[in-house]
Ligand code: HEC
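Listed next as C-alpha cells is one chain, alone, in the form predicted alone.
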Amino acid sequence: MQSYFIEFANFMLRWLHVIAAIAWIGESIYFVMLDNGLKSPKDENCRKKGVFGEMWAVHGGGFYHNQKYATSPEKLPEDLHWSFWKAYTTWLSGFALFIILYMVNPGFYLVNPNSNWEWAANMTGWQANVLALVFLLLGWVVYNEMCKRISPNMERDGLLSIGVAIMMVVVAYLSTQMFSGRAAFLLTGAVMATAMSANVFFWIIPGQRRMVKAMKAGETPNPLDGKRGKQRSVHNTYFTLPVVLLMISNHYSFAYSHAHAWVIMALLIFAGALIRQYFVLMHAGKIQPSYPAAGVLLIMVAFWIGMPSSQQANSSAETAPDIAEVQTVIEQRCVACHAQAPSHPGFSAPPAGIAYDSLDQMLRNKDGIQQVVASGYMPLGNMTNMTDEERALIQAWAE
C-alpha cells in the first residue's frame, strides 16, 4: 500500500509540475515574443505618454493592442499582472518529485557504482542525498556570482554568456561522475531550473517591486533594476529548451548510460539554446536559419556519439549463447523489479511499464536490455549482483 501511495503522489505531482511548467514557459515565451516584436508607436499622443513600443495582434476572434512604456505611465493601476507563482510552483513541484523518485531510494537512483571516482562509487545513500542538495545550491551560487562579478552593470553580458556556457559543460561533466546517469541528466537540468526560479525570486520580482514602489511615490526608478531583471530573464529564455529536454531524458537510457554521457548532454544543451535563439530573433523580424541548422548539427553529433558500437561482444562463447541461459540471467537479475507483480518492495508495478515475465517480452525488449546492462546502469546500483560474465552473455545475445 505504501508503494501505491508513492506512485499516486508521483502521478499527481508530475501532473502539477507539467501544468505549472507549461504555464510558466508559455508565458515567458509570449513575453519574449512581445518584447522583441514591439514597434515604435505611430500615434504622437502615445509617444508623448512615454510609450516605447506597441504591437497589434489578433487571436481568438478579437484584437489586442499591447504597449510598453519606457518610463512610468501617467497612472499606474493597482491590478498589475505579476508573473512569479508559476515559476515557484514549477520548482517546488519538481523538487518534490525529485524527493519521491530519487531521494527516497538514493542508493539505487543517485549513487553511481561505476564512477571513475572511488569516493563517488562508494557513497552511501544519505551521502548521495546531501551531495545532490549541495550540487543544486552550489550551481545557483556559482551562476549568481558569475553574473554579479562578470557583468554587474549588464555591460559584459556577451562574456557572461560564454562563462555560463562553460559552467554548464563543467556541471554536465561533474554530474555524470558523481551521480548515476539518469540522475546526472536530471540534476544538470535542475541546476538550470533552480537558477531560473531563483532569478525570479531574488532578482526579477524584487527589482520590479522596487520599480513600482518608486513610481507610485513619484520617484525615478533605479535603471539597474530593470537591466538586471532583463539580464536574468534573457538567461531564463535560453535555459528553457535545454531544461525541458533534460527533464524528459530519463526515458532514454542510450543517452545517460553512455560512457560519454556528459558530452551528449552538453551538445543537447547548446542545441536547445541555439534553437531558442532562432525563435528569439524571428520574433524581432530576423530570420536566421543558421541557428537551428547549427542546433540540428549538434543533435546529429550527439546521435553519432551515442550510436551503439558494432564491435562484437567480449564473450568466451564461440557461438550465440543459449537463449535459456540468457533467460535465466534475466530472471535472476532483472525480474525482481521488471515484472507485472514485482517482488521488490520499492515497486508496485514494473518500472516504465517494462516487464520480462515471459520470453516474448524479453525478446521484444532485447535492444533496451542490452543498452542498460552493457553500460552498467542496470540493475540499479547492481542490487542483484550481476557479474561481468553475465553482462557479456547478454551483450553477445543482443548482437
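Everything quoted here is computed from the prediction, not taken from an experiment. Each residue number is its position in the shown sequence, starting from 1. Between two forms, the rigid core is the largest collection of C-alphas that superpose within 1.5 Å.
The same protein also exists as the form predicted together with the named molecule; that form is not shown, yet it is the one meant from here on.
- Contact check at 4.5 Å (heavy atoms) against the named molecule in the predicted complex: none of Trp91, Leu97 and Ile99 pass.
- This chain is displayed alone, yet in the predicted complex one of Val373, Val51, Ala339, Val32 has a heavy atom within 4.5 Å of the named molecule; that residue is Val373.
- Residue-level contacts in the predicted complex: of Phe239, Phe135, Tyr278, Tyr109, one residue has a heavy atom within 4.5 Å of the named molecule, and it is Tyr109.
- Figure note: of the listed segments 52 to 60, 361 to 369, 35 to 43, 22 to 30, the one touching the named molecule in the predicted complex, with heavy atoms no more than 4.5 Å away, is 361 to 369.
- Using a 4.5 angstroms limit between non-hydrogen atoms, Met383 touches the named molecule in the predicted complex.
- In the predicted complex, no heavy atom of Arg47 sits within 4.5 Å of the named molecule.
- Not displayed here, the named molecule is kept clear of Leu13 by more than 4.5 Å at the level of heavy atoms in the predicted complex.
- With a 4.5 Å cutoff on heavy atoms, Phe347 counts as touching the named molecule in the predicted complex.
- Although the named molecule is not shown here, in the predicted complex the stretch 199 to 230 places no heavy atom of any residue within 4.5 Å of it.
- Relative to the superposed rigid core, Asn365 undergoes a CA displacement of at least 2 Å between the shown form and the other one.
- Once you line up the core between the shown form and the other one, the Cα of Val51 stays within less than 2 Å of where it was.
- Annotation for Val32: C-alpha shift under 2 angstroms between the shown form and the other one, rigid core superposed.
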